[in-house]
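A lone chain, given as structure tokens: the form predicted on its own.
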């Protein structure tokens, strides 16, 4: 089971999913209209390490976090 967390202004409760890579997660989240904008702009971290490929292999107990862009001063 992989835990998916949504940080910052993304108003979504964490999910527990049986997935093996980030491509599977993207397909699931694209079905949610409210997530489409966030998917285009957010960085992704697996176990607190930023990743740039959706081919990252996920294993039981991994934590995926969607990190939306932040601005401030």
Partner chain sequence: MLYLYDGALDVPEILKEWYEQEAKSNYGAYIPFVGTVRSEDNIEGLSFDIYEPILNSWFEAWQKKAEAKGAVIKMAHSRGDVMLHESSYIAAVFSPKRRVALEFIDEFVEDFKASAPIWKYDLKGGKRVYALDRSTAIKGSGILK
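Everything numeric in this text was worked out from a predicted model, so none of it was measured. Numbering follows the first chain given and starts at 1.
Below, we turn to the form predicted together with its partner chain, even though it does not appear here.
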| query | finding |
| --- | --- |
| Exercise: residue 32 in contact with its partner chain in the predicted bound form, heavy atom 4.5 Å | no |
| Heavy atom of residue 17 within 4.5 Å of its partner chain in the predicted bound form | no |
| Contact of residue 61 with its partner chain in the predicted bound form (heavy atom, 4.5 Å) | no |
| Partner contact for residue 1 in the predicted bound form: its partner chain, 4.5 angstroms, heavy atom | no |
| Residues of 15 to 39 having any heavy atom within 4.5 Å of its partner chain in the predicted bound form, listed in sequence order | 22, 25, 26, 29, 30, 37, 38, 39 |
